[in-house]
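The chain that follows stands alone, in the form predicted on its own, written as structure tokens.
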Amino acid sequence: MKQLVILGAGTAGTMMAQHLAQHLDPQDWRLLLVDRDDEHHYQPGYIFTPFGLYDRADIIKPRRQFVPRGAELVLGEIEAVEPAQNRVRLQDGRTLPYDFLVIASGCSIAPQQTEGLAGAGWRKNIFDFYTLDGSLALRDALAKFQGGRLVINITEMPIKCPVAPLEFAFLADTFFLQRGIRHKVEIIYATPLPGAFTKPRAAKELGDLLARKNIKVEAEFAIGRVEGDKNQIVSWDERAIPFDLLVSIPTNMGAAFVERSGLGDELNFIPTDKHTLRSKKHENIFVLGDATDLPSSKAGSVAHFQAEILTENLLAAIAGRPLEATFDGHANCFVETGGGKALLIDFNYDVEPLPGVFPLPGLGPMHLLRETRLNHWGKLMFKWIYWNMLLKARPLPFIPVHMSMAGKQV
């Protein structure tokens, strides 16, 4: 019997297991899904947790609940992939041979990569919201915050969900307004980018929105160190930004086993063909989601679109056919802007976010690159969609895998 192993039972890996279980004959194939524990986190919920909108119970469900019939969940820490032997080695000594391997191990924060970030101030007046524990700790800190300078800092790109730091800034503005202390809080958004976002059109819209909300942008700020004793962050060119409360988006890195396996770049992201999602080094290894080095967003919608493409290409590879399905970098996400509103962006490798309506041309009902209350409700509804449709690889009506120009204003 042949064996296909998926490393990572998060969003991308779970969707791949769902897709493949529908196509692989269990008489011929054993399908294994590997992860360290049985906790599946709804990571988009981290952004709402610091503001008291979600709690731990809203975010965690058992991974087993989403493992399809025909697949097995293997729990254990991954020590390394050994491509020459076509096997995965776990830290407890078990080995998992494979005929094909899918790596969907995601990425996580690495605060130790920035001098002083994980020092004495960590989880005291320096916080993250890219982990559940970080979001819960930040919730407690925000509840006690009575005023001062709040600095939101992106250490470096790429990061998971590139719009999340902006969403945090907008939600913080609303949070302090509702508490009646916004006039006592200075919000600084320090980013290594030249503007608010990576795409010019969206960067202008989002930059204007930050300005209207009196959130100051410190652009091209490449942090070199955190000086905890002085409560300030300092860039490589010695620009200093003092803070009373620092919300950091630390360096994002791929899984540690990727480095031990010699599969990744300096950030442990795996060199991947941007269209076929096949590893650039090994023909029987495929990669998707946040584990790739692709110039697409590291976001759940991207993993959803990639999973559809990768399923076709894996089946082609298994059958010995050329890989014909192509991923275009499609990303689609709501951007929470505070005050019960959100905007929606839809883009790919070649086309930046544009205004218009989505998903039906002329009808919408969602508006692109424009704040609306309906977009906000779409953002909140996504939690139900995630648990009940996305993870189960069910089709999302009217949302194509490849980005469509229908409804967009060029």
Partner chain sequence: MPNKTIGAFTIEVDDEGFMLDHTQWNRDIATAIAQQEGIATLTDRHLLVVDFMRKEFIEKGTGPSIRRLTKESGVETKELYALFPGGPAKKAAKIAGIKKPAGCI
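C-alpha atoms forming the largest set that superposes within 1.5 Å between two forms make up the rigid core. Positions refer to the first chain, counted from 1. Remember, predicted model here, so these are calculated numbers, not experimental data.
Keep in mind that the form predicted together with its partner chain is missing from the display, and what follows is about it.
Shown without its partner, this chain lists 143, 222, 177, 120 as candidates; in the predicted complex, only 222 has a non-hydrogen atom within 4.5 angstroms of its partner chain. Out of the listed residues 156, 218, 79, 308, 156 is the one that sits within 4.5 Å of its partner chain in the predicted complex by at least one heavy atom. Annotated contact segment (heavy atom within 4.5 Å of its partner chain in the predicted complex): 195-203, selected among 69-77, 312-320, 180-188, 195-203. With a 4.5 Å cutoff on heavy atoms, residue 353 counts as touching its partner chain in the predicted complex.
Residue contact with its partner chain in the predicted complex: residue 332 places no heavy atom within 4.5 Å of it.
The closest non-hydrogen atom of residue 326 lies beyond 4.5 Å of its partner chain in the predicted complex.
Using a 4.5 angstroms limit between non-hydrogen atoms, residue 92 is distant from its partner chain in the predicted complex. Contact check at 4.5 Å (heavy atoms) against its partner chain in the predicted complex: all three of 267, 297 and 343 pass.
Interface residues of 236-254, taken as those with a heavy atom within 4.5 Å of its partner chain in the predicted complex (partner not displayed): 236, 237, 238, 251, in sequence order. Residue 129: CA moves less than 2 Å between this form and the one not shown after rigid-core fitting.
With a cut-off of 2 Å and the rigid core superposed, residue 334 has a Cα displacement that falls short of the cut-off between this form and the one not shown. Taking the rigid core as fixed, one finds a CA shift for residue 197 of 2 Å or more between this form and the one not shown.
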